[in-house]
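Quick heads-up: it's one chain on its own, the form predicted alone, in structure tokens.
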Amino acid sequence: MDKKNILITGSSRGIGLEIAKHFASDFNVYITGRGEKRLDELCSKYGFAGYSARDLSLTDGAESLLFALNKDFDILINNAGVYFYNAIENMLPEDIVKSIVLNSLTPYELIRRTVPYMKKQKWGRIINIGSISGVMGEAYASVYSMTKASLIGLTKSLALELAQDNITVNIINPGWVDTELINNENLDENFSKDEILETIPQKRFVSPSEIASACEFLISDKAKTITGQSINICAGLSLGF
């Protein structure tokens, strides 16, 4: 059988890259990001089928990406996102717009433009990568929480709309994931790594491979009756502490 085509946004590092690596041997994996050199190196290293360097925070980013790749996709994983930590009165208008476009509008547009092919094939899998902040809310991350919460509503609505076309739509809401955000970014201004761990019931970070494994299950035939679900992978963070 021909391999299915899978598009993973925000896949040059972190969760997205781990998902791409996870599927590289069984699917035609297409990755996205902003740095063309890095994307080219990743394709050579892991045998991905192709890439497109695009800024998906632009309003025409989704259209531009799909035009450049010129492929039909059986599976879409919306992972790209942006996070701003600030009091609401200090949020910059350009950061608000960027968050809304990248976290909400781009996933919507990518789904809108890929669904016709999935309907034609009578098969498709859509996974949105949300955040526990979209489930619980997060102080000083209001625009991030707002946009990630919007993906939950989108997921549920489209799961109903597309159910009879054999297309499943689910959302995974990670808590704190052990990526470059935790290990390399300067978080001292707001909170330290140890302070973050204290808020997590299991006192551990989620690994990117755990998110990738959940994606693998959701696109498999074993999960064909699972749709419209909001799955929290957060080491108990959604339960409070």
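These numbers were taken from a predicted model, which means no experiment stands behind them. From 1 onward, residues are counted along the sequence shown.
Heads up, the form predicted in complex with nicotinamide-adenine-dinucleotide (NAD) isn't pictured, but that's what we're talking about next.
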Exactly one listed stretch (22-30, 66-74, 212-220, 49-57) reaches within 4.5 angstroms of nicotinamide-adenine-dinucleotide (NAD) in the predicted bound form by non-hydrogen atoms, and it is 49-57
So, Val177 and nicotinamide-adenine-dinucleotide (NAD): in the predicted bound form, are they within 4.5 Å at any heavy atom pair?
yes
Give a yes/no on whether Gly81 approaches nicotinamide-adenine-dinucleotide (NAD) to within 4.5 Å in the predicted bound form, heavy atoms considered.
yes
If we define contact as a non-hydrogen atom of the residue within 4.5 angstroms of the partner, is Val169 a contact of nicotinamide-adenine-dinucleotide (NAD) in the predicted bound form?
no
How about Gly124: is it within 4.5 Å of nicotinamide-adenine-dinucleotide (NAD) in the predicted bound form, going by heavy atoms?
no
Does any residue in 120-136 get within 4.5 Å of nicotinamide-adenine-dinucleotide (NAD) in the predicted bound form, counting heavy atoms only, and if so which ones?
Ile129, Gly130, Ser131
